[in-house]
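The chain that follows stands alone, in the form predicted alone, written as structure tokens.
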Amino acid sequence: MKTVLAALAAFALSTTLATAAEVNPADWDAVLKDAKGETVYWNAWGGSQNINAYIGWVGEELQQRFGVKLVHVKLDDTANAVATVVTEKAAGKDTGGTIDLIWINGENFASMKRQGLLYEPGWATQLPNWRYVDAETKPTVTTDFTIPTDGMESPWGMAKLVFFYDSARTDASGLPDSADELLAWAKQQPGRFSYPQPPDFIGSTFLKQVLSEKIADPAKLLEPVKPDEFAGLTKPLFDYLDQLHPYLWRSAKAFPKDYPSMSQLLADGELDITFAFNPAEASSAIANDLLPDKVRSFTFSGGTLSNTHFVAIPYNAAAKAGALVTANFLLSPEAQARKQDPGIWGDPTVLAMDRLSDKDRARFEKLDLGIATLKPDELGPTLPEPHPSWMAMIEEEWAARYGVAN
């Protein structure tokens, strides 16, 4: 009897593994069939009401159109999702994982790719809606923080660092145009600027922006960091922060938790300059009554950081078919246009307009991007993201030097 039970268990396991292996993005009809009835656990940042609402809409559409149930597992740090997959792999849980999709950034993508924690190469470029993606003029849709994506993550939004101010109380003629000018401005306006505490993504982005401007050889940032060079190459960054911190909000004895917290300080009149990684963020906040309607955007003429954000599927996801359907829907012209509407979110699209039908192109053309959104020719040059190895060491050094815990 034990032999029979063991044989049945082995057969069941082999069937499960075979089913998982048979998910083939190139056979989309089969993917849709397999996805029906699945529950997709999407681990994604949950710190913004409008983004959460957008993901909620995605879930409603997936259920209605494809029979896929979407569960938004709200994160405050994507690294927590990565740690879960690492733990499952160490425990031998190579199928039936608890995470099906992750909203991921370059640092965490590089970590998962290096550790073999991602679903097979090429799945993203086999999605039916990939044909709309602008891989020609938006090279970061296939290269994430200098790391080739190899089709192991699917783009779903563009990002560029922009700054905000309330024009009702701050004169535009005196706005800073570089990191150095921002330091001088902060010294003249003590307590009126801050940044989120790393490892918050927006806070860490500010550190990378300063380093990109201050480092003697920016090309060094495109290569993996060499530990023996780190201290010398980042000295300009930490010298800058040492000068800046005494003039920050609360004298840098505390920092905003994240972008929404920092934005609220602007709305409350406690800060005069803030920033985000979305050119339409201020317009979206105005549309949702989160910022005064006099808030406007600006950027640095010498350039600011820009990248693409993605979704990735863990190698052991239990609902790979449902995750593929979700990623494909996120690339649909309908979902991308809704996402770019500042009244919904305002996140820029990854699609190429000349690849869309007249009907789908009209979805974007009719969007009012908002009074605070800079036009493309006003956004200034693009600075490339450093190799992800830099961020881990910068965050570690920041914590060692300043050690602030809110």
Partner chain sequence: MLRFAPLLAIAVLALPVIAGLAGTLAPAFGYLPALGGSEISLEPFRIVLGQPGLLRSCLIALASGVVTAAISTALVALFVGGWSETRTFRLIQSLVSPLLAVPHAAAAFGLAFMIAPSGFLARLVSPWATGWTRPPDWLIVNDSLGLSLMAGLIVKEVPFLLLITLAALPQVPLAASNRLAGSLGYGRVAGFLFTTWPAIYRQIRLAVSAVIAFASSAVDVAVILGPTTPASLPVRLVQWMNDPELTARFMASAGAVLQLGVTLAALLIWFGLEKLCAMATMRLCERGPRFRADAGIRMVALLAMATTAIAIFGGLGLLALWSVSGLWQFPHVLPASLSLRGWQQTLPGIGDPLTTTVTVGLAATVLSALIVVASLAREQETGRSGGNRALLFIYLPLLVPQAGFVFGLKLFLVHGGVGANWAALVFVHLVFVLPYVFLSLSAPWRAFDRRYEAIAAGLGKGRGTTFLAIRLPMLSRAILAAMAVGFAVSVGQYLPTVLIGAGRLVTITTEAVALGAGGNRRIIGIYAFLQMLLPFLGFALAALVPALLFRNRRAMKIA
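Residue numbers count along the first chain shown, from 1. Quantities reported herein were computed from a predicted structural model and do not represent experimental measurements.
Only in words, not in the display: the form predicted in complex with the partner chain, which the text now covers.
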Original post:
Pick from 229-237, 172-180, 140-148, 247-255: which stretch has non-hydrogen atoms within 4.5 Å of the partner chain in the predicted bound form?
Top reply: 247-255
**OP:** Kindly confirm or deny that 52, 91 and 99 each have some heavy atom within 4.5 angstroms of the partner chain in the predicted bound form.
**Re:** yes
Subject >> Distance check, residue 188 to the partner chain in the predicted bound form, heavy atom within 4.5 Å >> reply: no
Subject >> Partner contact for residue 204 in the predicted bound form: the partner chain, 4.5 angstroms, heavy atom >> reply: no
Original post:
Can any non-hydrogen atom of residue 135 be found within 4.5 angstroms of the partner chain in the predicted bound form?
Top reply: no
Original post:
Does at least one non-hydrogen atom of residue 74 fall within 4.5 angstroms of the partner chain in the predicted bound form?
Top reply: yes
**OP:** Have a look at 335, 127, 159, 290 for me and say which one sits with a heavy atom within 4.5 Å of the partner chain in the predicted bound form.
**Re:** 290
**OP:** Quick one: from 243, 95, 261, 167, grab the residue that has a heavy atom within 4.5 Å of the partner chain in the predicted bound form.
**Re:** 261
Original post:
Though the partner is not shown here, which residues of 259-280 have a heavy atom within 4.5 Å of the partner chain in the predicted bound form?
Top reply: 260, 261, 264, 267, 268, 269, 270, 271, 272
